[in-house]
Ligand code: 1HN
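Below, in structure tokens: the form predicted alone, a single chain.
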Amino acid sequence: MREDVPGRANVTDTPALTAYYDEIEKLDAGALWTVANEIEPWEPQSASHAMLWRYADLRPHVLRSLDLVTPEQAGRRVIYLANPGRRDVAAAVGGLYTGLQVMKPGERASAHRHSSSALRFIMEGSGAYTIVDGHRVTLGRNDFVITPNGTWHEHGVAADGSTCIWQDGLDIPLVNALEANFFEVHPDLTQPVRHPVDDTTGIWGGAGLLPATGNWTRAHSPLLKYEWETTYAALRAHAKAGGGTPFDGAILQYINPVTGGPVMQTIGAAMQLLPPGEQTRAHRHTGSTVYQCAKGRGWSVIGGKRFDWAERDIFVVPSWTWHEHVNADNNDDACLFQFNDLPVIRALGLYREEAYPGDYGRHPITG
């Protein structure tokens, strides 16, 4: 790809050059000027498409899988969301994977661990639980739970519960791209519960208070579950006090209470609240984001295209793509859960953000 710009590759092919390229290709080498403009773009060029998956469309197929495969057969009974631009790596956007997992009462998936970091966001049902390194965590609607890289974890639904569906989020495509992924099944297929149920919430979830005797040295958050009621109350208080940004409304990051940093080394997560009728300004930033509507309804403009969303719909914003959000309800809040790869982007010094120019900061809808 030639560019007639000083400092960029602009070489005209000749028979001699073509023969030269053929010769060095036999040595598994190549001339940089033939690919330089492509591999060093002026700005990020995401292969991912802006996408929205409607829960109403997906849910019947997710439930149908209950009759087609068992957790023992599938390992995990999940319908994953495939971005057309990232199908080859099973990504929803960028280096992030997401899917909808479903389990019936009394079912239990085998314990395992892997190099990828993972999270769950509970969508419907009762009685769901996760066991992480011997800590049993009970889960309810809109609760957010982490299963960090390298931890033994398994999932199930209590016998007296109801069919549960939750969103899985992992950095599988990223870790595979780094050629660093390992997967291991627990030798006993399950793990013993070694702590009181929901102990991490009791110890580390004290509304901004840390235990004086807390001793935590691992890189991920010791708080495995972030409860919806606490999160929503904090968001409402934050919004009432005038907190928030012009681009995301009232937004709060889920954090590691010990460090104040992200919940896991490679995946960040947040919940944002859009007050009734709010429309944010457009911006873009490096890093990819997966959203789920946790409450309300509205729409987002992503890369000039409008996507209307309702509760449980999932949509994605590729890296360096203009986006803005609107709460379509003039009487109630809208809340969007998100997870992203920003901890990696920031740790590598690659974060960059830009506001859409103009007085109103609104990106025109072109599609």
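Residue numbers run from 1 along the displayed sequence. On a predicted model such as this, the values are computed, not experimentally measured, just so you know.
This protein has a second form, the form predicted together with the named molecule, left out of what is shown; the following refers to that one.
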Report yes if all three of 273, 289 and 312 come within 4.5 Å of the named molecule in the model of the complex by some heavy atom, otherwise no. no
Please identify the residue among 280, 101, 256, 200 with any heavy atom within 4.5 Å of the named molecule in the model of the complex. 101
Just to confirm, with a 4.5 Å cut-off on non-hydrogen atoms, which of 143, 248, 107, 168 contacts the named molecule in the model of the complex? 168
Name the stretch, out of 256-264, 291-299, 168-176, 219-227, where some heavy atom lies within 4.5 Å of the named molecule in the model of the complex. 168-176
With the partner left out of view, is residue 114 within 4.5 angstroms of the named molecule in the model of the complex by any non-hydrogen atom? yes
Consider residue 86 of the chain shown here, and say whether it contacts the named molecule in the model of the complex, taking contact as heavy atoms within 4.5 Å. no
Find out whether any non-hydrogen atom of residue 121 is located within 4.5 angstroms of the named molecule in the model of the complex, and reply yes or no. no
Look up in the model of the complex whether residue 76 has a non-hydrogen atom within 4.5 angstroms of the named molecule, and give yes or no. yes
Neighbours of the named molecule in the model of the complex among 133-169 [non-hydrogen atom within 4.5 angstroms]: 153, 155, 168
